[in-house]
Structure formats: structure tokens, C-alpha cells
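Alright, two takes on the same chain below, each alone as C-alpha cells: structure 1 and structure 2.
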Structure 1
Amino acid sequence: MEEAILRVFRGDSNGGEERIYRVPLKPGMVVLDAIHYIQAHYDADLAVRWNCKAARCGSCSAEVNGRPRLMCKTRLDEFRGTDVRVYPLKTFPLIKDLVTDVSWNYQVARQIPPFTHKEPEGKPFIVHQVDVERAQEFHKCIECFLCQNVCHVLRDHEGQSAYFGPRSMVKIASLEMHPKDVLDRTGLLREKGGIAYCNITKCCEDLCPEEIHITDNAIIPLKERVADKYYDPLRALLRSLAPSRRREEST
């Protein structure tokens, strides 16, 4: 039977090593299947996070041959003839084996002011598909944190106190571009959010499993909002009128 050879990182914050496993290949098998095989047949204590095995929950992020991927969406037949190295995400503190401590991302999320609207009670919203689509793109985010992991600003530990990271930019964009949201988060973006630290390398956008245009559709427009607000008040004023015009048309 054909086999895949997996080199899996085993260890914790005290250090670790690569261990080699041979796993029989089945058609269409993904990296996560191989990890499960290892658990059931060799090492029951191999730590991994996963939930859906369908690329929906964003739990199974790891670095596969150096590239941050979802293990449940990465096919083994991609690597025919080469060993497959499976390592934990680098940016976050290691807990054990393939599991890292991603709690920082949740702490950042708590600092983002939530969706806030001023619609009258008891009346369903009237909004048009074209207006919801922009924010809907950002709602696809499965919080896999692959983008956070790859962002060079966050890789450097100092960076984590300076910049919220691409996932958070996507979140803020989803709120700012929600057709009924009335808050202004540009101050947050400029200061604590540290949007200026992003220099649009697009590494995050390139590997988002949900194919969200993180830089083009979220970060760049947010940077423009910040620039307008702080450096070009007139344009900011015009822009702030635009959404309300749209609102009137649609009610």
C-alpha cells in the first residue's frame, strides 16, 4: 500500500523534536486524516485541535511544509514523493504538539466596539443586497488565525502590542461597512489598533482559506478612512454623508 511519511513536531514549551510516522494513503486523504491515524495507531496523546473537518470552524491551523494551512483542507496527494512536515503555528505560544495558545486573538476581539445601530425598535431593517455584500465577505471569516500567524508584524512579539493584526482588521471592516452601523472606529484603528504597521505585503490575503480580500477590501479601505479622518477632513465629511444617503434611498 502507498504510504505518506509525516514528520510531526512533538513537544511543548520546554522544547521538542520531530517524529516520523508512516501512514497508509487513502484516496483524497487530508493531513488531518493522517494525524488521526497517528493518534489511533501510534501515539494517542498527539495533541491537535479540530472540530468540523470541513474547513468551516478554523480550528486545525498548522504549518504544513512551512506554509500555514488548514489541515483538514490540505490533501496529502499534493505532496507525492516528499515527506510532509506538520508543525504548530509559529506566532503563538506553544501548548503542546500542534496546539498553540491563540487566546491573544480573543483578547483583541474584546477591545473592538460591537455593532451599534440607531434604528427604531420593532422595525425590521430594510437594506439591499449590494449593501450587505461588502460586509458579508468579512463575515465569512472562520477565525483560523492563519493570517495572524503569517503577518510579519505579529511574528515579532513586540508587534502584538502594537498591531491588532489582519483578522481584527477584517472584523473592524465588517462592522464599519455594516450598512446600519453608526460607530466610528478610526480612532481605535489609528491608535491601539496600529493599522499603520501594516505595510500591505498581502501575505495574509494570499493564504486566507476563505479567500477574503483582507488587504484590498478590508485594510486598504480602512487605511483610507483613517487618512481621510485625520488628514483630509473634507473627504471624511463627504464619505460620512454617503452611507446615510444610501440609507434614505433604501427605506
Structure 2
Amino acid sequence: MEEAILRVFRGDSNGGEERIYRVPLKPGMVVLDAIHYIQAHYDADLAVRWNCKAARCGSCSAEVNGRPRLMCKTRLDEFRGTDVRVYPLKTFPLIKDLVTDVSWNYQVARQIPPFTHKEPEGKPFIVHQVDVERAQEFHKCIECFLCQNVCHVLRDHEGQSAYFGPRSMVKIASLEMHPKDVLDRTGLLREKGGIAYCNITKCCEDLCPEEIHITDNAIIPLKERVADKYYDPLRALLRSLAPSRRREEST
């Protein structure tokens, strides 16, 4: 029987090693199937996070041959003739084996002001289909955090204190582009969100399993909003005149 050779990282925050496993290859097998085979036949204590096995929960994120992917969506026959290296996400602190601590992403989410609307009394809450379609793709996010893992600001420069990352930009875009939302989050984007750190390489967009246009439809429009408000020379002039106008009105 044909076999797949998996090189799986085993260890924790104190260190680890790569172990080699041979897994019988069956038609349609994905990397997560092979990990489950290893748990059943070799090492029952191999730690891996997963839930639905249908590419909907985003739990089984890992780096397969150096590329962040969902293990349940990555077929083994794609790697015929080569070993399959399965490692944990690099950007986040390692807990054990293939499981990382992604709680930072939820801490950031709590800093984003929620949807807020102000509807005049006596009028219905109406949202037009064209507005729904604009932001609908942002709600497809399954929070696999592959985009966070591949973002060079977070991955290579440990910039968690400076930049919220692409997943959070998608979350903010879903709110900012909602026609009924009345909050202005450009200040958050400019300061704590650190949107200026994104240099739109599109690496996050290229590997999104839901094919969300993270850069084109979320990050770039948000950058434009920040630029319009804080860096447009005409707006800057109007802001500089605002204090003098208020003084004139008070006299």
C-alpha cells in the first residue's frame, strides 16, 4: 500500500523535535486524517486542535510544508513524491505539538466597538441589498487566523502591540461599511489598530480559505478612510480653523 511520510513537530514552549510517521495513503485523505491515524496507531498524546473537519470551524490551522493551511482541506495526494511537514502556526505562542495559543486575537476583538446604529423613531430598519453585498464577504470569515499567521508584521516582527492584523481589519470593515452603523473607528485604526503597518503585500488574501478579498475590499478602503480624515490637506486646514471658530461663536 502506498504511504505518506509525515514529519510532525512534537514539543512545547520549552522545545521540541520533528518526528517521522508513515501513514497508509487512501483516496481522498487529507492531512487531518493522517494526524488522526498517527493518534490512533502511534502517539495518542499528539495534540491537535480540530472540530468540524469540514473547513467551517477554522480550528485545524497549521503550517503544511511551510504554508499556513487548514489541515482538513489539504489533500495528501497533493504531496505525492515528497514528505509532508506539519508544524504549528509560527506567529502564536506554542502550547503543545500543533496547538498554539490564539487568545490574543480575541483580546483584540474585544477592543473593537460593536455595531452601533441610530434609527429615527417611527421609521423601519431598512438595509438595501447593494449594501448587504458589499460587506457580506467579510462575514464569511471562519477565524482560522491563517491571515494573522502569515502577516509579516505579526509573524516576523512580533508586532502584536502595534497592529491588529488582517483578521481584525476584516472585522472593522464589516462594521464601518454597514450602512446603519454610526460609529467612526478611524481613530482606532490609526492608533491602536496600526493600519499603517500593513504594506498591502496581499499574502493574507492569497491564502484565505474563504477567498475573502482582505486587502482589496477591507484594508485598502480602511486605509483610504484614515487618509481622508487625518492626512487630507483640506481637512487638516478645516480642523486647524475649528478651534478659532468655536472661540468666535462663544464671544
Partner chain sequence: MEQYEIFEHDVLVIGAGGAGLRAAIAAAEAGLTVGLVCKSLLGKAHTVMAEGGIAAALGGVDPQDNWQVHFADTMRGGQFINDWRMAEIHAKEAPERVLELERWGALFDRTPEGKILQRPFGAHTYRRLSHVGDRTGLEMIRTLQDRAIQAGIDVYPEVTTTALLKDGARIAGAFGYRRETGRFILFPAKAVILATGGWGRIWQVTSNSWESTGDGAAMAYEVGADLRDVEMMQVHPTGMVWPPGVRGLLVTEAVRGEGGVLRNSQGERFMLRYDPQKKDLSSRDVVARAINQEVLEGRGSPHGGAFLDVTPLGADRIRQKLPNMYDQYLKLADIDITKVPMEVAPTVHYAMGGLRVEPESGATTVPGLYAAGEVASGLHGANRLGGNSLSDLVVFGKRAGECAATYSRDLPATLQVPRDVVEAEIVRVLAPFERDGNENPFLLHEELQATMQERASIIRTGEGLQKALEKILELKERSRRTRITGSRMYNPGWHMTIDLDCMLTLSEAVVRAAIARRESRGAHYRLDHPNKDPEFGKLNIIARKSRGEMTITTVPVPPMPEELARLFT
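Here the structure is a predicted model, which is why all the values come from computation and not from measurement. One-based numbering along structure 1's sequence throughout. Here, rigid core means the biggest group of C-alpha atoms that superpose within 1.5 Å across both forms.
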Looking at the two shown chains, say which is the form predicted in complex with its partner chain. 1
Is_shifted residue 125 between structure 1 and structure 2 (CA, 2 Å cut-off, rigid core): yes
